[in-house]
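Given next, in structure tokens, is a single chain: the form predicted on its own.
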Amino acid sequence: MALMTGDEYIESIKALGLEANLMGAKTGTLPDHPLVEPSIRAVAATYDSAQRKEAASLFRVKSSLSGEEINRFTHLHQSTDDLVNKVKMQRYLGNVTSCCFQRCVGLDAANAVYSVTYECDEKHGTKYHQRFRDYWSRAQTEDLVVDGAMTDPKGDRGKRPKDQADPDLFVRVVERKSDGVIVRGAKLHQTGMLNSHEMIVMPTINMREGEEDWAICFAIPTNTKGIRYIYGRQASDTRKLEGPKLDVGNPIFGGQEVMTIFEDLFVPDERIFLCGEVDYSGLLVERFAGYHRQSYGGCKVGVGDVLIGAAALIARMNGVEKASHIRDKIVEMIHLNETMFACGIACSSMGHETMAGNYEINMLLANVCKLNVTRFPYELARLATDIAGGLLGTLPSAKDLEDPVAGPYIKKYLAAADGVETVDRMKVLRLIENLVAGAGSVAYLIESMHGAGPPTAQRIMIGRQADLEGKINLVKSILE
């Protein structure tokens, strides 16, 4: 069963019986909840796309572990072509869903853990790499969604994990047993966690001597006893509860963010991939972040394509598509979007093989890619808002459109270019609103800023990777 369908995936998530606190109540029917269903449909698109003939080359690939055909979202990259196709696949899905499809974080975590465990074993004589190979082989064969959990609450950012008033503000080992460990703590901003079969938990920062208890990496099923979930709010999310799909903006797909709490969770030895090796905690963080920063050169670009299309369509509906200032704004949107894509392709094309045999992106260019992503989607959103006009913030509701008294007035006074139905114009405006200010802006804008680390994190890595001394030496050699 190396390739599931979207429906098979949804049934497999239902079978987990996951529960969460959601808007003040505990619910155990998550896949059917109207706030959750759009996000699970977005993940299902990663499965259904693999069944499409035109997308097969992007989504289907031969496993380096089993030789079976698998979904690329479980693949260990074996070449720079694999890295490039990952970015292309993510752009494709951004086009299909116009939201976060939630599955790339596990792929990025797996590739980072695969290479880091190999190198840790080489130095320390540990047995982590084979454990991870066995674990990931199952993830590939069963076509699982695996969440990558890195971000800790952190507490006082000016203090190290061991110096916090509450040591649980970074996930830590609280007890070591003969067959595993007990962990406690929480992970924030977990995109798609409740749509996942498994999770890989990683350290959030480079740990130092004396912080061995916080240098822990492991995998665990999402329905394991000792895990609690609290569902996150999104802008305008209750529109999903109100009825008419028009006001939601994106009528089918959506995203999901979750707080995940570990209450004395037992993790067996065979699922532990780092435990106290502080010298490899930072490397794991950097590699995961690098892969995930590459990802943004695909997924956010795919959503950007949709936003550009919506801006162009609303300009046509408004009768201003030929105005020079509108054309200039749309060309600028295209330029910014393709620049992000170019960075994603560049860091992939210039990747290299790791000691473990899988391929890693060019770290400098991956960080350049993500730094652009922290800025360009905001400019695309500003330009789309400008082109769309003030109705973006004052549009009547879909229920008023359906009202026998108010509806005719809305249709009469919100008419625009000849041949354009008012309801169609409203649909496009709501989609733009969803991406620039509504529920979709969580993934498109806030995630673009903070996902895979905020701008400062990329600037630090760019400073480390840029070989400034080498550039200085170039000047010296020229001037000799």
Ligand SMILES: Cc1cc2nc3c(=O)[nH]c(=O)nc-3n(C[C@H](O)[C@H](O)[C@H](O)COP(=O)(O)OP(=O)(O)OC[C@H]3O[C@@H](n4cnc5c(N)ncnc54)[C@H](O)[C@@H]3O)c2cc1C
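Position 1 is the first residue in the sequence shown; the rest follow in order. On a predicted model such as this, the values are computed, not experimentally measured, just so you know.
Beyond the structure shown, there is the form predicted together with the ligand, which is absent from this document and is the topic of what follows.
Shown without its partner, this chain lists E286, E211, E198, E257 as candidates; in the predicted bound form, only E257 has a non-hydrogen atom within 4.5 angstroms of the ligand. T151 is the sole member of N206, S79, S236, T151 with a non-hydrogen atom lying within 4.5 angstroms of the ligand in the predicted bound form. Residue contact check for L144: none of its heavy atoms lie within 4.5 Å of the ligand in the predicted bound form. Remark: M89 does not count among the residues lining the ligand in the predicted bound form, judged by a heavy atom distance of 4.5 Å or less. Remark: L30 does not count among the residues lining the ligand in the predicted bound form, judged by a heavy atom distance of 4.5 Å or less. Mapping the unseen interface onto this chain, R138 falls outside it, with no heavy atom inside 4.5 Å of the ligand in the predicted bound form.
Judged by heavy atoms within 4.5 Å of the ligand in the predicted bound form, the contact stretch among the candidates 438-446, 44-52, 419-427, 57-65 is 438-446. In sequence order, L188, H189, Q190, T191 are the residues of 162-198 having a heavy atom within 4.5 Å of the ligand in the predicted bound form; the partner itself is omitted from this view.
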